[in-house]
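Just one chain follows, in the form predicted on its own, and it is written as structure tokens.
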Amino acid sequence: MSSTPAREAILTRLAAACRTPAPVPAPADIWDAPELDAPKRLELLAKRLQAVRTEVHVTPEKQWKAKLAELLAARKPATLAHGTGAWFAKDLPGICKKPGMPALTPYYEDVDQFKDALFGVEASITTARAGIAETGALLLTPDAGEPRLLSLVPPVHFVVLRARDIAASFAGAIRDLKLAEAMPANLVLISGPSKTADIELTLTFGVHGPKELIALILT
């Protein structure tokens, strides 16, 4: 058989296959969103974050400032970067005014002007808009008030999450945040300190970004 008839036979079979679309199962047929009450969502999220070396602290919201001060005093970072749009930004000067606390480095400049300062800070603190219990992830929606680099560059990353914002699944978080109505320009999912298994599939932590992730979950 010459190459031309063989080529035409192959193309004919491919064309015929394209006329028969592959069946697409309904989402409900292949996946069910877990149904978890609030205590179970908190328990599962903390368990799965800790499984990948995230330090988790659950504390009442009224006491979160004292808890953050305790954690900063234990680690002694010299500097702490934060976004000026964070809901807790107004509380940080009071937390860090005591001796031994880090100097605050607010992120309010363009990245080209701020990058040298950012790569020199020892810790950062950001807000998580949601937690996802099913996968053990924290969901951040960076914007001008809390730029994305705050979660990528400093070696120690503190994340503040309210327990009421923990969803059972990613789909639940998308629904609760109404992201389908107003999709953010950027969305970050964090499941622990930076890690890679590029070399011989050996999992190594703290290679490309934060070496430590500390989650404060406020109840």
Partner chain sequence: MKSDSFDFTAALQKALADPQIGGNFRGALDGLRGKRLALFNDAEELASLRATGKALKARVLSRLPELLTQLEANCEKNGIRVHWAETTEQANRIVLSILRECGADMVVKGKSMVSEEMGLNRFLEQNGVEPVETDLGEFIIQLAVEPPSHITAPALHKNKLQVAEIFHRCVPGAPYTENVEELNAIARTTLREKFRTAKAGLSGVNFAIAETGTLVLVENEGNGRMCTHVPPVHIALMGLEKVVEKLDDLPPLMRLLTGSATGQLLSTYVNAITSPRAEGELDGPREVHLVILDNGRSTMFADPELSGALRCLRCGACLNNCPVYVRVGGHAYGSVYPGPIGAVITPQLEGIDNKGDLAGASSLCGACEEVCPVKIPLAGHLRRIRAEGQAAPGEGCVRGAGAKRSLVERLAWTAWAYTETHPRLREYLLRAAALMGDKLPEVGPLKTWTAARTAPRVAPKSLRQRVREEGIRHE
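Not measured: the values here are computed from a predicted model. Take the two forms, find the largest set of C-alpha atoms that superpose within 1.5 Å, and that set is the rigid core. Residue numbers count along the first chain shown, from 1.
The same protein also has a form predicted together with its partner chain, omitted here; what follows describes it.
Residue-level contacts in the model of the complex: of 38, 183, 66, 58, one residue has a heavy atom within 4.5 Å of its partner chain, and it is 183. The shortest heavy atom separation between residue 142 and its partner chain in the model of the complex is within 4.5 Å. Proximity of residue 191 to its partner chain in the model of the complex: non-hydrogen atoms within 4.5 Å are present.
Its partner chain is not shown here, but in the model of the complex it comes within 4.5 Å of a heavy atom of residue 149.
Proximity of residue 162 to its partner chain in the model of the complex: non-hydrogen atoms within 4.5 Å are absent; the residue sits far from the partner. Shown here without its partner chain, the chain has 170, 171, 174, 179, 180, 183, 184 in 170 to 184 lying with a heavy atom within 4.5 Å of that partner in the model of the complex. Core-aligned CA deviation for residue 207 between this form and the one not shown: less than 2 Å.
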